[in-house]
Ligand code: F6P
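Consider the single chain below, provided in structure tokens and representing the form predicted alone.
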Amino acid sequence: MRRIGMLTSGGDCQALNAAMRGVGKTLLKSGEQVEIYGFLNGYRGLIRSEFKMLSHSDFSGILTQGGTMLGTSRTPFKTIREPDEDGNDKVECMKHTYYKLMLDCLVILGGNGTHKTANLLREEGLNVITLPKTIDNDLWGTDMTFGFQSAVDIATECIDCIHTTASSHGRIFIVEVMGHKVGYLTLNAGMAGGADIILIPEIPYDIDKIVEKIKERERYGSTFTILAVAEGAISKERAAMSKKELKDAMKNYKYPSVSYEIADKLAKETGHEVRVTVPGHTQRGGSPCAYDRVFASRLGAEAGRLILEEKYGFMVGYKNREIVQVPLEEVAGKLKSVDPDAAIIKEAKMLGICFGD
């Protein structure tokens, strides 16, 4: 009998259910006796031993469903060694649950913080396999994460919709795309949606360069401009500050986000009306796109195969168009960022897209 635990941790996204379905179907159709324990609400369920048994029927009809059938929550890695609200050692509680249920392996679906904790559990002696989930596509060791393409499609559709109203009214529109530290989502959605200006965290912007681009468009007869701005976009002035200086500078920050600050400055510099649109959590919601359904299913099936072959301690990733196994210790704690000198950035600039640099 193989006993497998499964959980989804951190923010939700599309194709979590598709990935779990891939694992579940592979194991349950293997001909071996398998029990699958689904832990509720992320690591919290593992800590509190809150779970439900998953059968064939639980993995049926969920391929197209967004969200996660197990629920999710955030258990920050930086506090993982601190006692929980009941004074319990969280790591010891997770280990206790694992051994109490006599699990052979934990399948953990999540992003950066989730992988840090997963690797910690591996170091503590538990058998762990992970799957790369995040709309930010910022996990080290994999070219792609599931949820990313679905989020790109949603953000792109938002920019598409803005085009008609922006052109009708001759306004400047800012679409704020998710991504605090990494700009893959904004970059891809901005290019796909035909944004004129794309601002991402990896390339600090100069507001004067943005104004210059808007005026250039006006000289060529354009009556509107669309900016795709990442949540974590940062000016060159702030990027040059130390962490302490930046923290002090942001104490009296009067804007809801950087997009509204940029909008205020552009309105003053250009004399045009500027509007901000924030698609927000819609980028993480809804049904997964076809790409993510296939991709997550493949990752899940590969995770199931590794379990059957008793190969643990890996993230199932995607490199050079192939499904690969990446040692967890190589993934945990590393962030994959957009290279400002990457070919896609150079090609975007060839198209006339401004990055504010």
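One rule holds for the numbers: they count along the sequence shown, beginning at 1. On a predicted model such as this, the values are computed, not experimentally measured, just so you know.
Beyond the structure shown, there is the form predicted in complex with the ligand, which is absent from this document and is the topic of what follows.
Can you work out which of 96, 238, 275, 180 has a heavy atom no more than 4.5 Å from the ligand in the predicted complex?
Only one listed residue qualifies here, and that residue is 180.
Check each of 231, 153, 261, 202 and return the one that places a heavy atom within 4.5 angstroms of the ligand in the predicted complex.
None of the other options qualify; the answer is 231.
Using a 4.5 Å heavy atom cut-off, which of 189-197, 249-257, 82-90, 127-135 contacts the ligand in the predicted complex?
Checking each option against the 4.5 Å cut-off leaves 127-135.
Could you tell me if residue 74 has a non-hydrogen atom within 4.5 Å of the ligand in the predicted complex?
Yes - in the predicted complex, heavy atoms of residue 74 and the ligand come within 4.5 Å of each other.
Answer with yes or no whether residue 281 is in contact with the ligand in the predicted complex, where contact means some heavy atom within 4.5 Å.
Close contact exists here: in the predicted complex, residue 281 approaches the ligand to within 4.5 Å, heavy atoms only.
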